[in-house]
Structures are given as structure tokens and as C-alpha cells.
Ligand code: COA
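Single chain ahead, by itself, as C-alpha cells, in the form predicted alone.
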């Protein structure tokens, strides 16, 4: 019988370098409240956010993703010719066709490599990291660039109290590759489709298009249909998070083979400071373990939030390269993905 060849991969993989891009425009709670019926104090109390970054000028998801990817490659010290694939984790790339990753690979001078989008909401970076690590272990590539990039404000309703005060824009990226010591544990991931509509677009895409065409057919001069925007049932998401995420964190530790006492840094998705503090307490992590709080001045950047938070901790000195970190992304789907990782080196080209 003729045998079919099998790839031989690398058992040990790690994040070798990290890069980020933060939009230049800083939007305070006070500015948000110029349109939103709220107060800066109430927003901070409920979310932990003082400021967030919004794109402006010629900044786009495409430019931010490429900039973050360039910094990750530079910080890794890996020649770009060795990058064997690009994974773009995003829910705000504005086209279904063409998808974003091939365009970004071209912009970065890596045209022709395998490049694909991965859409899993705010858990997208964790999904992308897990997929990249498993691809390398399977021998599909030696080095992979994983980018989490979002322009959440493009689909933001500035008057919606459930979302307008929360979201920001940004991009973070890591180079994943072989390592002498394993630096990425097996991924613990899952979803809850029963409650998926707790975070959703305000209208179905096909219904939106049908309505627009009907109005245009009835009156060529009619005002266009309002744009689609994101809606979130905050209390429903909070209840789901309170039950599901502590179990996911415990499973991530169990799968990693690392004891809770050995965790040196906690990097949850930057969705809500109250949820993150609740997770730390429920898991029983020590009070003195540094926990990411990039949400305070960056907001919730969905799939970009974990790499942005890691970069902030490394640059600020609150974390060090090589430390053991517990990651957990969660959001739309309702999906989650968690890993125990060794943090990449402190970036030589920070985003600040």
C-alpha cells in the first residue's frame, strides 16, 4: 500500500515576540458622555474604564494590524522570510470577501503565505494562539504570526449605554515558533450558543440588506437604512461569565500541568474590570499577582485586548519576559479560550 507523507512538527512552541499598535486618539469618559446619557464616574465604577483609544485620520484595521505585526516580527528577531502563516483574529474586518489576512500579509511583504481570518469575538486571540501552536506542533509551519486587530468603533452606536462606553480600537500581534522549552499549554476553549444572542449585531445582515433594497425601490430619494451596530445584554453576559469562566480557568490550569501557586501573571480579556476581579477571587489567585488592567486607558478592544494587555504589562515593568501567565479570552459566541503561557521578551519597539 502506498503511504501518504506526514508532517513532522515541533513539540515545544512559545511566543517569541510581541508587538502592538494603539490609535493616537484618546477618548475620555467625559467626551463619551457628550453624546451618551451617563457620567464619567458611573462609567468608571461599572467598567473600570477612564479612557479608550479610537481610530482617527488614516488609521484603519488594516494599517494597525500591519503595524502591530511588524513590531512583533522586529521584537522576535525572526526574519520575516521564515514566517510560514498569518492568522488574523478579528470581528470587525469590513468585508467577508476578500478576507483580511492575505491583504495584511501582502502589506507586510509576505505575499503568498497561507493567511486566514479567525472570527471568535473577544476570545479570538486565544483561539488564534491555540490554532497557531497546534499548526506548528503538526508541522504545518515553523513560525506563525498571530494578529488580533479590531476597529470596534466603526460599528458603535454612541447613544447605546450597553456598548458605547466600553469599546476601543487597537491591534496586538505575536510571533509563535519553536522553543527549547514549551511556552504555550494546550488550549481550553468552548462556547455557549444557547446564550449567543447576548452579544449580537442589532440586525441580521440579510434582513438589513432586504430592508435597504425595499426602501430604495420604494423611494430612490429615501434616507439610507441606519448602519448595523453591536448590542450587548450586559447583565446576561455577566451572569454567564460568573459561572463559566472560573471553570474554564481551572481547566486551563489543569491542562497546563502548572499549579495555581506557580502562576506569576494573570491576563484576562479586558472586558470589564469587575468581571476580571471576580475571576481572580473565584480562582483563588493571590492578591499580589499582577493582573492586566489595560482596560482602564484602552477600553475593550475585543480580539486585540490580550496582546495589548500583555504588551502594556511588559513595557510598564509589571510583568517580565519568561514569566508564567494565565490567559483567558471570552465574549461573543458566547465563546472562550484560555492557556497558560510563558510571556515573550519585553518589546524593544513598544507601542507607547
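Positions refer to the first chain, counted from 1. Keep in mind that what you see is a predicted model, and the values were worked out from it rather than measured.
Beyond what is shown, the protein has a form predicted in complex with the named molecule; the following relates to that form.
- Residues of just one listed stretch (23-31, 39-47, 54-62, 317-325) have heavy atoms within 4.5 Å of the named molecule in the model of the complex: 39-47.
- The listed set 260, 106, 274, 247 contains one residue whose heavy atoms approach the named molecule in the model of the complex to within 4.5 Å, identified as 274.
- When the named molecule is considered in the model of the complex, only one residue from 175, 87, 166, 184 comes within 4.5 Å through any heavy atom, namely 166.
- Taking the partner from elsewhere, residue 237 is found to have a heavy atom lying within 4.5 Å of the named molecule in the model of the complex.
- A residue is said to contact a partner when one of its heavy atoms sits within 4.5 Å of a partner heavy atom; residue 231 fails this definition for the named molecule in the model of the complex, lying far away.
- Taking the partner from elsewhere, residue 331 is found to have a heavy atom lying within 4.5 Å of the named molecule in the model of the complex.
- Looking at residue 122, you'd find a heavy atom of it within 4.5 angstroms of the named molecule in the model of the complex.
- Residues of 127-162 placing a heavy atom within 4.5 Å of the named molecule in the model of the complex, in sequence order: 161, 162.
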